[in-house]
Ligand SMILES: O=C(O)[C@H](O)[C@H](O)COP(=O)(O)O
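As a starting point, one isolated chain is supplied in structure tokens, in the form predicted on its own.
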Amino acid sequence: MSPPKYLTGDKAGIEEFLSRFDVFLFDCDGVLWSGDHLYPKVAETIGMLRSKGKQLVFVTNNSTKSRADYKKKFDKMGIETNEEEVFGSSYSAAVYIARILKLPAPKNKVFVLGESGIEQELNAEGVRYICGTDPAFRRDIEPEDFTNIANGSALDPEVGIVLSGLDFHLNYLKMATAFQYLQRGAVFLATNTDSTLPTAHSLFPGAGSAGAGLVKAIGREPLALGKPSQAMMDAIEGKFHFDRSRTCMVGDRLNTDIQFGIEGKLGGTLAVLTGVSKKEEFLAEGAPTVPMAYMDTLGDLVG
């Protein structure tokens, strides 16, 4: 495996790199922005790629926002895009549940551990769900809850799926209820399993951390529908119909973004150093995940 090419400041190298690809898949958090801080020259970079006729898809593991939410954020940041170009893990999960899993009614309702982004995407695909942002689940567990969850009187008999995402209002009541559904045979899915969430120039617990208690309790991992899951890559390819050999994944995280591109047999991967992973991780001898190229920031593509 050849070492990754460092592209920052290498005008000829950048031109040659860009010429290899027709499609660019972009991670968002840690690549385009951190929280509400847009990295320098990101809008110009996106504009430059569009002017070269490149197809762009924004692939995010952040399940708290829907595609519509992301479109609003892109607009606020001054980045030209449309809602159809956004492919988030909540959308990926909704598509998987509605079009691939297709559990027979009535036992096809979803118990959601997550925020409104998941709910919006499930609604768009016509999938029924409970919990999520429902205030009835945002409370402390009471002694009678244990009895009612255990005997099933507090459970919805139509729930056949537990979908775990990043939940900012995680509590024991939600976890205990989800665990009971899983014990009764519900399908275990996750929007994504990122250990951390990069925002506000720092790292916070991610969806994988939020769902870790449930994984520990039930003793098995969920099927994850975000990066690096190839279920997500197949769904993206199914929607956008691109040639994988002419597609490049751009990301800041080795174990999600770069691994996603490598396992998906894409033509290339580009790591940027504004987010989670540091260059020492992939430049080290015997590093398990190595991008094709790397640069300091995405804006370096425009010089």
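Since the structure is predicted, the reported quantities are computational estimates derived from the model, not experimental observations. We number the residues from 1 along the sequence you see.
As for the form predicted in complex with the ligand, it is not shown, yet the points below apply to it.
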query: Residue contact check: D29 to the ligand in the predicted bound form, 4.5 Å heavy atom; finding: yes
query: The ligand contact in the predicted bound form: I118, any heavy atom under 4.5 Å; finding: no
query: In the predicted bound form, N192 touching the ligand (heavy atom, 4.5 Å); finding: yes
query: The ligand contact in the predicted bound form: G160, any heavy atom under 4.5 Å; finding: no
query: Partner-contacting position among T269, T60, S277, T45 - heavy atom within 4.5 Å of the ligand in the predicted bound form; finding: T60
query: Stretch from 136-144, 200-208, 118-126, 171-179 whose residues place a heavy atom within 4.5 Å of the ligand in the predicted bound form; finding: 200-208
query: Residues within stretch 210-231 having a non-hydrogen atom within 4.5 Å of the ligand in the predicted bound form; finding: K227
